[in-house]
Ligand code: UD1
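One chain is shown next in structure tokens, namely the form predicted on its own.
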Amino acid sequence: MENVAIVLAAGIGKRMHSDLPKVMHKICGREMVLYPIDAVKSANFGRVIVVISERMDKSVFKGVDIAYQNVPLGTGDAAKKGLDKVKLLPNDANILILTGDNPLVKSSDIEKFYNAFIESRSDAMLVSADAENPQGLGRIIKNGDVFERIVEEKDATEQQKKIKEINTGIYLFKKGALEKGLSMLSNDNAQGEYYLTDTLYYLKNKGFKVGVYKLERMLPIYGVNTRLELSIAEKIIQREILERLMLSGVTIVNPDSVSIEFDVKIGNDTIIYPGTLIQGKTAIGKGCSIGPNTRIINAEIGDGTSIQFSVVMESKIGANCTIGPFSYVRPGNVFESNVKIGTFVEVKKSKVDENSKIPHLSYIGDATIGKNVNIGAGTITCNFSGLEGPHKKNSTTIEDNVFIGSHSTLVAPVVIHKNAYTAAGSVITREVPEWALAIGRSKQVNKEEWVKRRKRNV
């Protein structure tokens, strides 16, 4: 028997007060809608159809089918759009429908729900739950234990609003029953929309078997509708990520002060200190020390590397490197092993080979630095003259075993060959040969008694 899941994700989400569609808001670095999609995939619903609007970024939805609902006419209309993708399925196929704004649903919840649906031989079934605060959620109306209907908040009476059993937005239908229920929908309600929930009421009145499966666990929220609920979901999923990492051998000092996104990978025996934010598809090796107060975005960090009080973006850092404190590693860098990037150093789009050091107070941009190079304090690569156009950057090449004296200015394009030195305070504008000492200072002139004369003339 074929199982298909339809994820409803085209809603605007007015209560988010955002130009971004609700389900595209991110939780721990990934779009909210991807969490319920993962849940249904893990529950072995082989085919997943996601109903979105055309203004949403389709590239987010990999490995699923796409259906479009461009006019927001409600969940019933969205379900029709998804069902259009599986018209050829037999009437006894099982159709799971859930909303894309429930990132806390787990595959285990769906599996238990599915088993209850099959065992009860129902034509339709929904997942309900008891909510501490049911405000804004559809209420389950029952006659004893028998399902009667779902009433949306805006259509509920004051008495009905006191009911705490709510609709979670998760349903299972036999395909034939779903088609029948959708054909009977009306938009005669406060919202002027076609409610998927009404299909259950119509089907029951037509003699179909409609059941309710109450969720075994109580969740703090059943769907994200506001920024406050978004933050609640973020906190729960963040805790799950941190627990998974800690159980795999990562030490996280004070987890309440650390933020690590969903796709981050960290090796065992790495320590994450307070105030650290790790984002994107960052991969950190074993035995590293990260933080405190560090931000890493889409970077690859080798084993044994230490990063503290620094920002690292879209760069590859080798093993046993030392970054910080107060370093700014901008995108496009490659550091080999045992590289030191020190205090108040900014590096951009540069390659630094093994055992080289940029200890402090320097800017290195568009440079290639060899092995065993020492960059003295206050060194600047002048990679942009402005003469070749607004975007043209020139490169600096520093070969192996070079010593750059403090407060050197390297005016690109320039090459400093192996084993050369530059004198402190030099402005280097020409190629420096191997083994040479380059001195690029202006001649010092001392004006004797100049200060005394100045004071007399004031």
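As the structure is a computational prediction, the values presented were derived from the model and not from experiment. Position 1 is the first residue in the sequence shown; the rest follow in order.
Although not depicted, the form predicted in complex with the named molecule is the subject of the following passage.
Contact with the named molecule in the model of the complex, judged as any non-hydrogen atom within 4.5 angstroms, is confined among 282-290, 179-187, 130-138, 112-120 to 130-138. Distance criterion of 4.5 Å from any heavy atom to the named molecule in the model of the complex singles out G223 from the list G223, G324, G365, G302.
In terms of contact with the named molecule in the model of the complex, the residue from A78, I341, I307, I375 that brings a heavy atom within 4.5 Å is A78. Looking at R15, you'd find a heavy atom of it within 4.5 angstroms of the named molecule in the model of the complex. For the chain shown alone, A156 is not a contact residue for the named molecule in the model of the complex, no non-hydrogen atom being within 4.5 angstroms.
The shortest heavy atom separation between A233 and the named molecule in the model of the complex exceeds 4.5 Å. Remark: Y195 counts among the residues lining the named molecule in the model of the complex, judged by a heavy atom distance of 4.5 Å or less. Interface residues of 10-29, taken as those with a heavy atom within 4.5 Å of the named molecule in the model of the complex (partner not displayed): A10, G11, R15, K22, V23, in sequence order.
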